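Take a look at this single chain, the form predicted on its own, given in structure tokens.
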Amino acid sequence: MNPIELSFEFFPPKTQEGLDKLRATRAQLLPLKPKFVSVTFGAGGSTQQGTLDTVLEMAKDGVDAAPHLSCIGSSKESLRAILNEYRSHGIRHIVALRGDLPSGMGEVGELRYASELVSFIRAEFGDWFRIEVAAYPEYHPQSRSPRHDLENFARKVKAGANSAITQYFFNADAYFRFVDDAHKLGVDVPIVPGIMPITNFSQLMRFSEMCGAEVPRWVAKRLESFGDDRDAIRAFGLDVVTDLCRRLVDAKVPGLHFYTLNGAAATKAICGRLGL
């Protein structure tokens, strides 16, 4: 039995090749016995059918699969229809997010915040769904202030969330401080750290710029120095992320949630080094 609960995030593939890759990735990661897997949902619901198809395929394999659901750009009617569809298939786990507006789309929708989406799910479906929400140890890039962001997070939890998954980070102290501050606001649900394996320098910097995750200067400089040497990037990335996870595991965090990007190698290697 793993000393710590694992979970993995996947995204819905858009091609047959992508689907084959995801199936191969799942075959490698499911022996690690994740507590659940999550499946992302595109801006404004742009991958809605792909999310459903991916979740249902995983559920057939006996995996607790949790679709992401974002409320931005959606009506209550469309959200109700999606949730009813999941319920009809016996899906009982949701990752509830505000989401981002797709480019060129001006309509925010009827629900503007994730806390409103959580309240809506609870009002419509009671306790049918286990609800995960997002947390930002380094604070949401669009938040007015750290305090404002923490209060927003507490609002989501008090609306009825069961647990939270954080944005990825490389500074464990940011996570520990965030959890302490959330507890002071009365948040008592598990806050599971999100983990991003490092396999590609330019991709990592692009993602981090978009989501407000800080890549420590010494890590970025070392990665940059490897140029196009992919093996060196992966080896160094493996050391950095394994050390981060070891510190989190030693602190008895409630779990580790890996952003797999539909690949197995790095996540599997980190878990192997941790003895998971």
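These numbers were taken from a predicted model, which means no experiment stands behind them. Note that residue numbering begins at 1 and tracks the sequence as displayed.
From this point on, the text means the form predicted in complex with flavin-adenine dinucleotide (FAD), which you will not see here.
S.K.: Of Arg80, Arg122, His93, Arg155, which one comes within 4.5 Å of flavin-adenine dinucleotide (FAD) in the model of the complex, counting heavy atoms only?
M.R.: Result of the distance check: Arg155.
S.K.: Since exactly one of Leu204, Ala159, Ile165, Val179 fits, which has a heavy atom within 4.5 Å of flavin-adenine dinucleotide (FAD) in the model of the complex?
M.R.: Contact residue from the list: Ile165.
S.K.: May I ask whether Lys33, Tyr175 and Val241 all come within 4.5 angstroms of flavin-adenine dinucleotide (FAD) in the model of the complex, judged by heavy atoms?
M.R.: Checked in the model of the complex: no contact with flavin-adenine dinucleotide (FAD) for any of the three.
S.K.: Can you check whether Tyr136 is within 4.5 Å of flavin-adenine dinucleotide (FAD) in the model of the complex, heavy atom basis?
M.R.: Output for Tyr136 is yes: heavy atoms within 4.5 Å of flavin-adenine dinucleotide (FAD).
S.K.: Answer for Val189 alone: is it within 4.5 Å of flavin-adenine dinucleotide (FAD) in the model of the complex, judged on heavy atom distances?
M.R.: No.
S.K.: May I ask you to state whether His140 is within 4.5 Å of flavin-adenine dinucleotide (FAD) in the model of the complex, using heavy atom distances?
M.R.: Because a heavy atom of His140 falls inside 4.5 Å of flavin-adenine dinucleotide (FAD) in the model of the complex, the answer is yes.
S.K.: Using a 4.5 Å heavy atom cut-off, state whether Ala114 contacts flavin-adenine dinucleotide (FAD) in the model of the complex.
M.R.: It does: once flavin-adenine dinucleotide (FAD) is placed as it appears in the model of the complex, Ala114 has a heavy atom within 4.5 Å of it.
S.K.: Which is the contacting stretch out of 85-93, 123-131, 196-204, 143-151, given heavy atoms within 4.5 Å of flavin-adenine dinucleotide (FAD) in the model of the complex?
M.R.: Contact criterion met by 143-151 only.
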